[in-house]
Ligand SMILES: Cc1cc2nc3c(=O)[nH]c(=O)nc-3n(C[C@H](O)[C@H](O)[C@H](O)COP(=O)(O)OP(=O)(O)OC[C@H]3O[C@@H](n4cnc5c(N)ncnc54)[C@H](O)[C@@H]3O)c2cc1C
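First, one chain by itself: the form predicted on its own, in structure tokens.
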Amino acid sequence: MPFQDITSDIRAAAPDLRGRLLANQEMAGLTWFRVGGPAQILFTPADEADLSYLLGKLPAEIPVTVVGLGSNLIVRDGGIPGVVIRLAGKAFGEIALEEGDRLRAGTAVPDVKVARAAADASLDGLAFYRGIPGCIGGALRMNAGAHGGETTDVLVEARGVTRKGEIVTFSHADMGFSYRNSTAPSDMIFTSALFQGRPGDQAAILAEMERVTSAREAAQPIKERTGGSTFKNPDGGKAWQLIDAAGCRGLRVGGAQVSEMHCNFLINTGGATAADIEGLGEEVRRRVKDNSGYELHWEIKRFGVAA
């Protein structure tokens, strides 16, 4: 069932908008799971000023959702009401080196490209981003990390736009980082980030990136339709071990399956719905709780409404 087309209302409220508005745009093709319903409105802003302009004019009752590369999310089968904002293009995809061994990146830049740009500049400390499937916007929101490094270790500041359209800069302290989380306002849309590297040996940095790549390929189902790591590690335990101990390796619900290679990954084996994937995740959570007493919390974000 399609959503009401509100593009004309948005254009009337924001007549100088330069970005692209698409009504009832399918989201499945924009997510790694390849599932989910449409966005009521998908907006791709021309640049930060265009994003600020829309948010400043958009009525407060219209919900706003931000998506990046689609690697760490489930869009539910009924789709996402309101405006879905997807940052893309040159305005949000540039990387620049700055004085003091620093690197600035737009939030649409894939994490792996930040790692590569740092290596090309012989900047150490950012190689861990080679092992994270996603973009910098998501890394800021969830303090993404892998292979011994986290975003909190390297972030200097982040720039973004509030729901009211104000452009602000958050210091590292303002981000409130903790394990796979940030306390920055949930309605903040990050547009760029400044990272601190340190001088390093390029050959050693590239070797570390190769180690990260090899470890990821050997241990994770990266060639499958998956959203990445599904659950956060609870205090005192590892999610994959708890899932395995609960007998969930290979468990299926419809077209969704717990990966045989890595138990903390759910995969779409073909024909899965978002409800299949989310339902499988909830069943895994239930079995782990019953078996070990540990409560797993979703790392993958879930948006939208059920079919």
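One rule holds for the numbers: they count along the sequence shown, beginning at 1. All values derive from a computational prediction rather than experimental measurement.
In what follows, reference is made to the form predicted in complex with the named molecule, a form of this protein that is not presented.
Asker: Would you please decide whether residue 204 lies within 4.5 angstroms of the named molecule in the model of the complex, comparing each non-hydrogen atom pair?
Answerer: Because no heavy atom of residue 204 falls inside 4.5 Å of the named molecule in the model of the complex, the answer is no.
Asker: May I ask you to state whether residue 228 is within 4.5 Å of the named molecule in the model of the complex, using heavy atom distances?
Answerer: Flag for residue 228 set to yes.
Asker: Could you tell me if residue 70 has a non-hydrogen atom within 4.5 Å of the named molecule in the model of the complex?
Answerer: It does: once the named molecule is placed as it appears in the model of the complex, residue 70 has a heavy atom within 4.5 Å of it.
Asker: Contact with the named molecule in the model of the complex for residue 66, defined as at least one heavy atom pair within 4.5 Å: yes or no?
Answerer: Yes.
Asker: Quick one: which of 195 to 203, 163 to 171, 126 to 134, 97 to 105 gets within 4.5 Å of the named molecule in the model of the complex, going by heavy atoms?
Answerer: Flagged stretch: 126 to 134.
Asker: Which residues within 206 to 226 place at least one heavy atom within 4.5 Å of the named molecule in the model of the complex?
Answerer: Sequence-ordered list: 216, 220, 222, 226.
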